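What follows is one chain in structure tokens, specifically the form predicted alone.
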């Protein structure tokens, strides 16, 4: 039998059973749209977490002493970079934005409340080349960015609230003349001596990175260097690479720039700096498993609808066989019809999924009131946005068609194994 006739028959059946076609197509469309939406959301969480980690926490990569990296949990000030300025010159010659920092542990006191924090000495003139704390959207109203050689500190909103700082009064104060709350820092210097520093809270930031908002304070680098007795050395140099470049390749290039120095240096990417990369990979695998389960649920819904559609037509299959139509032609007609249903459902599902994803990419969903500052492992706070994943959209579109063909093949084959008389009596 000619394939043209079979295709024509399948096309007529597609619209002869309009209600069944619509119901089955809707099942496919809903499954595909939900799959695209969830995938875009999950990938968006990963991308947003990556951006927030790089922009506010680590930069793209950092150079530090190898021993300092090995003992990083203790923030040991005795293992430092002793010639940071010459290293910055080399990086500048290679067009790599970089800034030097000093990271140390401190106890911050405000009235009767105290908190253990990670304090960072930053260069107000160069830090913004790598990090994003100078952004007006990040700093609360009335905040003023750090100035060099001043006993000042910037802290996160969550830390300010935990310390009991009146944020309403802070926000309404004049940035230049208003009275600033004062806090006290207690820490140990590079030589092990205990030191105290009284600082004015000149800025409160509210970044999309909850880790930074909770337990990070920033003071001018020259002040940190002086009170910590660093003698010009720093704990790390943070760098920023273009987002489209391979971080590992850039790290190899940076390592080669300093391969001949006497210092024992290491260059670490943002994944290692923000936590155990195995943990991050585990989170990514968990998201992939969750996404797979979503697809399985959608596939089950599609298969149930298609199975019912095929089994309802067993008597029709029996009649076509009784009229002399070959089994292979009947099977092919059903496969073409199922492919058509899958195509309609996939196109509609792709369109709906794209619309839902567009909303999530453009506006996102604000979970600030629901989640507050709760840390669930990703560097995200407030608004959750999705991202576009063309690969998933194409995959979902093709799977909608292919799964329809595969699912309809099994019951149609079963019906073809039945006797003609049995098919005609089937209820």
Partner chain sequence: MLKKIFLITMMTLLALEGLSAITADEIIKRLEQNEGSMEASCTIQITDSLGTKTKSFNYTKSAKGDMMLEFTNIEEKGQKILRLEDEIYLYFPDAEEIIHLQGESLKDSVMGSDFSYEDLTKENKFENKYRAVLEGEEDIDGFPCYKVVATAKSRDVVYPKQILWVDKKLFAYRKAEMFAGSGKMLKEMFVREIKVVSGKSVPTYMEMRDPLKKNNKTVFIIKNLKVDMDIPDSVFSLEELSW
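Residue numbers count along the first chain shown, from 1. Computed from a predicted model, the values in this text were never measured in an experiment.
The form predicted together with the partner chain exists for this protein as well; it is not shown, and the discussion that follows is about that form.
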Counting only non-hydrogen atoms, choose the one of 90-98, 186-194, 165-173, 346-354 that falls within 4.5 Å of the partner chain in the model of the complex. 186-194
For residue 263, is any heavy atom within 4.5 Å of the partner chain in the model of the complex, or not? no
With the cut-off set at 4.5 Å between non-hydrogen atoms, does residue 249 touch the partner chain in the model of the complex? no
Is residue 107 part of the interface with the partner chain in the model of the complex - any heavy atom within 4.5 Å? yes
For residue 86, is any heavy atom within 4.5 Å of the partner chain in the model of the complex, or not? no
Listed residue (147, 200, 134, 78) with a non-hydrogen atom within 4.5 angstroms of the partner chain in the model of the complex: 78
Exactly one of 151, 229, 125, 222 comes within 4.5 Å of the partner chain in the model of the complex through a heavy atom, and that residue is 229
Stretch 110-141 - residues with a heavy atom within 4.5 Å of the partner chain in the model of the complex: 111, 112, 114
